[in-house]
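Presented below, as structure tokens, is a lone chain in the form predicted alone.
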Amino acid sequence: MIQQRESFLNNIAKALGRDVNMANKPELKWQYNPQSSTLINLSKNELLQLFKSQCNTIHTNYVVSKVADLKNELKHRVELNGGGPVSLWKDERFAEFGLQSLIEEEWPALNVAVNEWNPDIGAANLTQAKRSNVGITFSDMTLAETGTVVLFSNSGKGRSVSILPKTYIALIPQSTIVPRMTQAAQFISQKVKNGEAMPACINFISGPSNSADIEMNPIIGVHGPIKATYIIISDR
């Protein structure tokens, strides 16, 4: 709750010699607005190529898969990264993209533990995510310029799934790839203008965690997943 806002703003307005404006948003007239035009003329395939090239820069593996091959590709990628336990969101897209049988039947039959985020169990989700070897989510928006996946968290989509496991796998429908941060900001801004419910948290993830704070020496896997893999779904 914001306290003493009115008196605070009144003091500032008085110091500036003008009235407080709480009704009309100041109109912004930019002389130059390059962020709105950068990369917007790229085709769908050109955006994909740009995204792939950026994956090489951010130390992130990527593979392109069709929906029909996605189940086997995901299963293979989890095995390559050491297997389960697996944590994932409570997300209807897993069923929509044909992954339900892998999650509910094949992995359990192979003794691969699957932890689906469950808002009813509260902090136990964090424990499960911390013990998991692989975290899997879908990307809600994907930024070609920086190789970034954008995750909109909610009660069934805890941010810990993409942060606590050793390995992170993002499932990326190609249709979610946009040029850059500008488009993500415009989308979020429009949701605010429409009065829509906002995500509990918005995460921007560009590959595995890394830092170059110490003498500019890049270190991969500092405070999150050590490895990251993007599976780009080409026909959705």
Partner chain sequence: MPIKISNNRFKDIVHSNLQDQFMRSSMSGAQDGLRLSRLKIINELGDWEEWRSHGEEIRKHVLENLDYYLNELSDNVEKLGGYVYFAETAEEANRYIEDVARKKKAKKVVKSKSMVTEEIGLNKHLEAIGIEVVETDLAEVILQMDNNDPPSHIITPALHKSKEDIRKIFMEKLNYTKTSDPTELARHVRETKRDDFFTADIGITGCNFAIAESGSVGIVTNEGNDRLTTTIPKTQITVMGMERIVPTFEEFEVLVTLLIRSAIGQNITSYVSVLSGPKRMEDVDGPEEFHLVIVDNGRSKILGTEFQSILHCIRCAACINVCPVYRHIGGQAYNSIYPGPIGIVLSPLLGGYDDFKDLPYASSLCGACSQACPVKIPLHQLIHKQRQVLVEELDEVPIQEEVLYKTFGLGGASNVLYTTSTKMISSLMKTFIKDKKYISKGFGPIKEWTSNRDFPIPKSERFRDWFENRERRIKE
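Quick caveat: nothing in here was measured; it's all calculated off a predicted structure. We call the rigid core whatever largest set of C-alpha positions still superposes within 1.5 Å between the two forms. Numbering follows the first chain given and starts at 1.
There is also a form predicted in complex with its partner chain; it is not shown, and the following applies to it.
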{"query": "Its partner chain contact at Val114 in the model of the complex, heavy atom, 4.5 Å", "finding": "no"}
{"query": "is_contact(Leu126, its partner chain) in the model of the complex, heavy atom dist at most 4.5 Å", "finding": "yes"}
{"query": "Ser162: touches its partner chain in the model of the complex, heavy atom cutoff 4.5 angstroms", "finding": "yes"}
{"query": "Touches its partner chain in the model of the complex: Pro34 (any heavy atom, 4.5 Å)", "finding": "yes"}
{"query": "One residue of Ser175, Asn56, Gln186, Gln49 in contact with its partner chain, assessed in the model of the complex (non-hydrogen atom, 4.5 angstroms)", "finding": "Gln186"}
{"query": "Residue (of Ile40, Val63, Val67, Cys201) lying close to its partner chain in the model of the complex, criterion heavy atoms within 4.5 Å", "finding": "Cys201"}
{"query": "Heavy atom within 4.5 Å of its partner chain in the model of the complex - qualifying residues of 209-233", "finding": "Ser209, Asn210, Ser211, Ala212, Asp213, Ile214, Glu215, Met216, Asn217, Ile219, Ile220, Gly221, Val222, His223, Gly224, Pro225, Ile226"}
{"query": "Cα displacement of Ile220 between the shown form and the other one reaching 2 Å, rigid core superposed", "finding": "no"}
